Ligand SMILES: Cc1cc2nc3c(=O)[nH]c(=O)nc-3n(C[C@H](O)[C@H](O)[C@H](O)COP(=O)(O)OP(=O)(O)OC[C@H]3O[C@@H](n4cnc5c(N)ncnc54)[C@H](O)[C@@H]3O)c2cc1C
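As structure tokens, one chain now follows by itself in the form predicted alone.
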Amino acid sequence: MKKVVIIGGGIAGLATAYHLLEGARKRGCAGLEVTLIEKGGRVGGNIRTERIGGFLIEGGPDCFLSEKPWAMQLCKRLGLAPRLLPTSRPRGKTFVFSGSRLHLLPEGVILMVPTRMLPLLTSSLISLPGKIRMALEVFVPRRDPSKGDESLGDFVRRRLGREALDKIAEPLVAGVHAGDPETMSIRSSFPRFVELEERYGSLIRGMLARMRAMKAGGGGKAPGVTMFMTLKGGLGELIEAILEKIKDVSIRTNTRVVSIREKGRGYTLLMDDGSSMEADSVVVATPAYVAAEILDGVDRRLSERLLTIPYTSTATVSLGYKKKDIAHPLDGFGFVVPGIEKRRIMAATWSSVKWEGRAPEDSVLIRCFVGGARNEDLVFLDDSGMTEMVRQELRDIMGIEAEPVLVRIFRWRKAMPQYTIGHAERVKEIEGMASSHPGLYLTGSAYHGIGISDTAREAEETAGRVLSYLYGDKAVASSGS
């Protein structure tokens, strides 16, 4: 019997457990015992779906990107293909709050790259000098790759100008990570932009070339056009489907792993209730700072290096209103707020417009995002203060005076890893240290991607490495099945 213990019951740990069982079955690896340990009272991590009074509320992430295929693939393997739900429109409008009003993000701007000049030229968001500077991106020389990593802020200013950074890239791109563009690693956070520059010498030329190639190949939407997908009953369905498939996994909640000790060719795990457990292999699927605490007894240098990955806190505030009380047309998916505006929310999604089935017919659901690198302290307001603050922001930005019929607040303390400059080298060093302890693996959003798709991909790769370690040539030889 081979014993594997997974520490952490978020999507990283659950997906690893699923792929371990599926991989063992497909590869003919018999005698696998998997235990998953979660310190909280529930599994699912940041994925949390609630249904209240006809509203469907997502506490954490509400979707994933279809252009990163791994979350879609996982859903299909779990039998959730009929439950997949695209946005209500293929490309809904996004607004940017600037200068005391909402401006439409110019059509053809993909993440931060303008691919159509006329909508950019007629946009009220960017000044004429800012538009000219963005258009001149095609003449900006490529950066020498040997110079190493670069911040997102430096990258965008260099290629597209200051105004493009402040009004488009920072709220749209940095907002994905809730990060500070002046410290975010462009290579680790958005490697596609670096690839476009290195290959085509220009983001605009590169994006247009990829769009033409996709169109010529009959592939539908162009690379970089972010198509959001979710599940009809919310992302909680993904957690429920995984749990249904991993009934053979022993799941222990309300249990915290205090420390791990190496023992021969395996490991001994000590719990906060005084119990212990033996394992041939351990997968640590927790935030990096939690992994650092757990692994301090295994490798002090590894623990210290894990602590160099910073985290920030965020909150989501979902508010339900009666439709008749909202004068705003809600003619899009929502808006983002640049940091230079000095507002107290980062963005708002008009959830009941973006997704079907999120509110009763006579109601609307709006979800606001608070905190991140620039306003982390706001996450720790009490419920009354948080509600009043968000209502004031919606009053100023959207003119909403009405009392909400529902308010639901979720706080995510130190839940968002920050891929700061040098992140790739940092992770390479961490993984090198971990590899000196056979059977010990790290997985999750701290390392190679923060989204559900990247986490699902890494979980599958981690499960494959565990099986190869435990079963050797047999697992490797069957890995293509």
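So that there is no doubt, residue numbering starts at 1 and follows the sequence shown. The structure displayed is predicted, hence computed values, not measured ones.
There is another form of the same protein, the form predicted together with the ligand; it is not shown, and what comes next is about it.
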| item | value |
| --- | --- |
| Joint contact, Arg256, Gly444 and Thr455 to the ligand in the model of the complex, by non-hydrogen atom at 4.5 Å | yes |
| Candidate from His448, Lys39, Lys26, His437 lying within 4.5 Å of the ligand in the model of the complex - any heavy atom | Lys39 |
| Listed residue that, although the ligand is not shown, lies within 4.5 Å of it in the model of the complex (heavy atoms), from Val34, Ile421, Ile47, Ile57 | Ile47 |
| The ligand contact at Thr115 in the model of the complex, heavy atom, 4.5 Å | no |
| Distance check, Leu467 to the ligand in the model of the complex, heavy atom within 4.5 Å | no |
| Ile11, heavy atom within 4.5 angstroms of the ligand in the model of the complex | yes |
| Contact of Ser318 with the ligand in the model of the complex (heavy atom, 4.5 Å) | no |
| One stretch from 182 to 190, 151 to 159, 286 to 294, 103 to 111 that, in the model of the complex, holds residues within 4.5 Å of the ligand by heavy atom | 286 to 294 |
| Residues of stretch 401 to 422 in contact with the ligand in the model of the complex (4.5 Å, non-hydrogen atom) | Trp412, Ala415, Met416 |
